[in-house]
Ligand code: PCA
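Quick heads-up: it's one chain on its own, the form predicted alone, in structure tokens.
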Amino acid sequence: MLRPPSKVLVTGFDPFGDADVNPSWLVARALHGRQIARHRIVAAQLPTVFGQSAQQLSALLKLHRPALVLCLGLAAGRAAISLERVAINVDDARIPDNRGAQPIDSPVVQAGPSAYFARMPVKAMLQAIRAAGIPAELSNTAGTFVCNHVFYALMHLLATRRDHKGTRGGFIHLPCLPEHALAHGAPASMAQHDMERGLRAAIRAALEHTGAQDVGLAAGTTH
């Protein structure tokens, strides 16, 4: 009997603030059911809510037991697909979440480490997205809103839960859609089909790059 393909869990968020769409969920939903490198993509939507988003992510990990987890979020104003390198243990909300919570200088996980690095080959993925002709960058801040909250919660689960041993994962920020940028005055945008193409390239690179070391690619910043 043939074994079913391993899974890649891709999550996106519901709309937040004054937006009526969130490209992170549109892209995740569009990838649902695809197969890449003998892995099947499963998409799920997370609420833009502190606490609840992390709880739902934990339940999804238990349900699907994926080989790779990519959480997607919106970074209005960025012009490229942003692979996040580090999650920090702080919630500091400039605006309320979708349930009105606005934590200030609160830890994501009490007594957790100050930060976690992504557990995926971010530079190999960056290289693959760029090779597909899609603008991409390595980012060293995922902010301090629900995106970073989910990113840190994911990395803490992967680092501390024995049943997730070997699972890799991280967070990717996406630009606005062109119609979203126009409506809200954002200075940059990207078409959804380009985001999808970039994510497919990133997922393939993450699954095919099995070495302990990432590729040697200069992708840092000077400020």
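Since the model is a prediction, treat every value here as computed from it, not as a measurement. In case it trips you up, residue 1 is the first one in the sequence shown, and so on.
FYI, the form predicted in complex with this ligand isn't displayed, but the following is about it.
Residues placing heavy atoms within 4.5 Å of this ligand in the predicted complex fall in a single listed stretch, namely 142-150, out of 126-134, 102-110, 142-150, 85-93. None of the heavy atoms of P121 is located within 4.5 Å of this ligand in the predicted complex. When contacts are judged by a 4.5 Å heavy atom cut-off, T11 does not count as touching this ligand in the predicted complex.
Under a 4.5 angstroms non-hydrogen atom cutoff, this ligand in the predicted complex lacks I81 among its neighbouring residues.
Residue contact check for H173: one or more of its heavy atoms lie within 4.5 Å of this ligand in the predicted complex. Contact residues in stretch 6-43 (any heavy atom within 4.5 Å of this ligand, taken in the predicted complex) are F13, F16, N22, S24.
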